[in-house]
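As a starting point, one isolated chain is supplied in structure tokens, in the form predicted alone.
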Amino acid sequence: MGKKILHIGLFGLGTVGGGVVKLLSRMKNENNKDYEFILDKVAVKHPKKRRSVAISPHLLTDNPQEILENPKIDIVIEAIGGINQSKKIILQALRNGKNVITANKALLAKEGELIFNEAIRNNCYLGIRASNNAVYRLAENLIFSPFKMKKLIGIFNGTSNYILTQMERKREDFSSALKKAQAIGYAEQNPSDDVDGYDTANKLIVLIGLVFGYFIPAESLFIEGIRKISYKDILFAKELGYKIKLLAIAQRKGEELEVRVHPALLIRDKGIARLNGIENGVEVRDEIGVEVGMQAPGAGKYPTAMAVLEDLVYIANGRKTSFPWQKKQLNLKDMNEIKTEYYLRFNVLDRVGVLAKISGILGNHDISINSVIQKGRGKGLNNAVSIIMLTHKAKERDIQNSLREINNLPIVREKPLLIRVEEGIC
């Protein structure tokens, strides 16, 4: 049996596409005896644009149909991002019998059910490892495991993790750490997808789709980013024995599924709390108590491009797409009904009775206080101090109602801050 030769059409030559071209060139020089990948065409908006990656001009085209209607091309790699154009490219490629690889988690989160159905209908492979490189291998194990996932917590965004790490190590505020992340290419000029939690939410939706067989509408998720986190919160959390991380959380109880994305305090030096910089990772516990964890780089072109190449190898080995469709969807738990512990920071006037007043309101809402720290004494015209509280487990609705009441007190100088506290798994 001779060497298997597969022809590739690539859409996009940005960060991910450029990384794929470089790694394909490197693979070509390795002279693999089993298979060979040949890059036939690269579709870009501006073929004559000067680029950082070396590529022969005859490979470039601004006509997508030169790839999609070319019977010689076996595999389409979508690396342009966005929703509408990428969706059209992927669906047409699958309908034309071409295997598809994409890193587009935003598209998969929104149209995953349609795209997976199309891949299965046309007996094609849909490679999505690069959409969440940190957990995809683990997701494959979860899909085929006879035991259902019970709880998952993950750090899915390298940009946010880098910013939080910088804030702690360099004693910087959020805006300063963000500017550094942008300067070195870890954050976009518009960083909203990363720092406001949407990228993490998209990855979580795709992972839940892979594990449970249906894709949750993004609007049904609770999503909160890291913009409100200050250096002093990171400092206070450290004093209390915690680190602040942006987490993806999914928990199943019977036929109910709890799904959320937000910053949270994790016990320092344990599990994924130890991941710093652009590292991503995930911890999972199944219904019989087995706990597993995994970590991987979460930013940069080469980790993503390597995930694309892994899917190429799967295609070369004849893999096709399977998907665990669910006949019955799980019920999504209302965010107001979740129970967890909370970190609360109040900026209040330094007066006698303030602590008692706040504690009394919390108590009236069935919230029990675990510990309290008051930092310094009030000075100057503001005469304000920070009071930090850790609560025992409480219901989200009760916490939110109590904070609204506390915020209306004349002794409060700024809106109280809430950060949830999560138990790790591993």
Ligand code: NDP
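Just so it is clear, the structure is predicted and the values come from calculations on it, not from any experiment. So that there is no doubt, residue numbering starts at 1 and follows the sequence shown.
Unshown form predicted together with this ligand; subsequent notes refer to it.
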Candidate spot Val348, His392 and Ser402, all three touching this ligand in the predicted bound form (heavy atom, 4.5 Å):
no
Only one of 393 to 401, 46 to 54, 32 to 40, 360 to 368 has residues with a heavy atom within 4.5 Å of this ligand in the predicted bound form, and that stretch is 46 to 54
Contact flag, Thr304 vs this ligand in the predicted bound form, heavy atom cut 4.5 Å
yes
How about Gly185 - does it come within 4.5 Å of this ligand in the predicted bound form, if we only consider non-hydrogen atoms?
yes
Would you check, heavy atoms only and a 4.5 Å threshold, whether Ala93 touches this ligand in the predicted bound form?
no
Please check if Pro416 has a heavy atom lying within 4.5 Å of any heavy atom of this ligand in the predicted bound form.
no
Looking at Ala316, Ile80, Leu164, Leu265, which is the one with a non-hydrogen atom within 4.5 Å of this ligand in the predicted bound form?
Ile80
Taking 4.5 Å between heavy atoms as the contact cutoff, choose which of Leu108, Val100, Ile208, Ala130 touches this ligand in the predicted bound form.
Ala130
